[in-house]
Structures are given as C-alpha cells and as structure tokens.
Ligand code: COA
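In the form predicted on its own, a lone chain appears below as structure tokens.
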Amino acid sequence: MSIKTATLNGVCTIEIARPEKKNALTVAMYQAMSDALHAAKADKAVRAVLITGQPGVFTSGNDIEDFMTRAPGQGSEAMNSPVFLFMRALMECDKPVVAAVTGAAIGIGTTMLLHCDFVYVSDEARLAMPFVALGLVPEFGSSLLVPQLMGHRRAAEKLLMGDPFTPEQAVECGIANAVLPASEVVNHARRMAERFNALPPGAVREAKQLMRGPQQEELLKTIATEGALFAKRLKSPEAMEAFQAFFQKRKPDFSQF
C-alpha cells in the first residue's frame, strides 16, 4: 500500500510511502488519504493529524501516467473525483494538521501545505509549483493563497515561472513554520502534534474554524474555478506537448503555439 496510516498517542499519521516513484500520487493514493482524514476527524482518540513522506522526498506530485489515464472529468464529476475529495477532506479537517516535509514537495506536494496548520521542512527540502510549465494552471486554491502570502510579484515567480524555492524561503513567505535537519523534521513535527493531547479539543476545533472560516467559501469557489480550467488544460495541445516531452525525457517545444 502506498499510503500508510497509524494512530499513536493521539496522532493519526498519514505517510506517503512510494519511494520507488518519488512518492508520486495516484488516484488510489488520493482516495486513501481522503479516507484517512475522514476517519481521523471522526475518531475522538485523534487529537491531531501528521502528514509525512519518505527520507528525501515528501511527494513529487501527481503520477503523470496515472493522472493522464484517470484524470478527473469536468463539473460535478471532477468535484467527486478522489483528488478533489482529498482536497476537501484536508480543508474540512477540524483537527490540527501538521506536515513534516522530508524532501522534495512538487506541485500538490507544495499546495497541500497551504491547507495544513503547521509545516516543518527539512533542510533538504525543495518546493515548486510547476503547473504552467506543464501547460496547466495552479490548483488547490494556490492562485488565491500564494499571492496573499507572498505578494503578486513573488507569487508570479512561483506560479507563472514555476521557480523552485528553498526551505528558508518557504519559512520567509509563511508557507512553513521552521527548517530542521532532515533527521529531526518528523520527530519534531510529531512532538508538536502530540502537544494537542494536553489541550481542550473543543476549543482547538472552534479556534481553527474561526481562523479559517471567513475565507472558506471564497477558497472553495477558487478551487472549483481552478479545477474546471485545469481539466480543460489537461486536454490542450500545450499540455500534450509538455507530457510527451516528459515521457520522452526532452525539453518541451512551445514555439508552435
């Protein structure tokens, strides 16, 4: 199984465990993560959720081959697909979510961090949102949240150019809380998650709702708009060229467009 889950000392751990594919996410993995988040939300013994990856890689984003053969459709079909169900489950998790970014976090590997409450990145981490380079558009609310965090100009570097950024830059712009040595990031994140065992769970849930509530409706609308454009772009000639270049291990040629 490429997603491992375990609950220990009040913390539900969701571990992305497909290191042979750089933790690339398949439709089945999105479904498993969605199910795990719903189960954690319903379990009174769970006080916090920890999402982590493997040494050297958090996730390289979507498994392109799997995604192209099982891509979400449009409209209600898209919003009920496993990837969007995962997005919604993460957004609606009323318990604190802590992410331990153990290495590369590409595409949704970065955008999912925008919806976590605490993010700790290893000093080996590399973050990037290369959607436009693949002929696509930003997703998971990143077109709204990243400019809010960074300002338009720095967001343009990350979302339009797809420039990668360092762990230190992730902290500077507000995506992450702290940078830690690679050997310490998971244990530190777990200790932070376990601190919620000593806090009143009802107050924690309501405080999180107050913090996130005012923007939730706007964020859901943004995700729906992004999703519709993303689905259209998947079938575009530009995206086809980008994906073919990826599989053929060459640079894409967009000069014809």
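Quantities reported herein were computed from a predicted structural model and do not represent experimental measurements. Residue numbers run from 1 along the displayed sequence.
Same protein, other form: the form predicted together with coenzyme A (COA), not shown, and the subject of what follows.
- Query: Even though coenzyme A (COA) is not shown here, does it sit in the model of the complex so that Lys21, Ser60 and Gly107 each have a heavy atom within 4.5 Å?
  - Reply: Spot residues vs coenzyme A (COA): full contact, yes.
- Message: At 4.5 Å between heavy atoms, only one of the stretches 169 to 177, 91 to 99, 115 to 123, 129 to 137 reaches coenzyme A (COA) in the model of the complex; which one is it?
- Response: Answer to the contact question: 129 to 137.
- Query: Is the gap between Phe196 and coenzyme A (COA) in the model of the complex 4.5 Å or less for some heavy atom pair?
  - Reply: No - in the model of the complex, heavy atoms of Phe196 and coenzyme A (COA) never come within 4.5 Å of each other.
- coenzyme A (COA) contact in the model of the complex: Ile64, any heavy atom under 4.5 Å: Result yes; Ile64 sits at the interface with coenzyme A (COA) in the model of the complex.
- What are the residues of 229 to 257, in order along the chain, with a heavy atom within 4.5 Å of coenzyme A (COA) in the model of the complex? In sequence order, Phe246, Phe247, Lys249 come within 4.5 Å of the partner.
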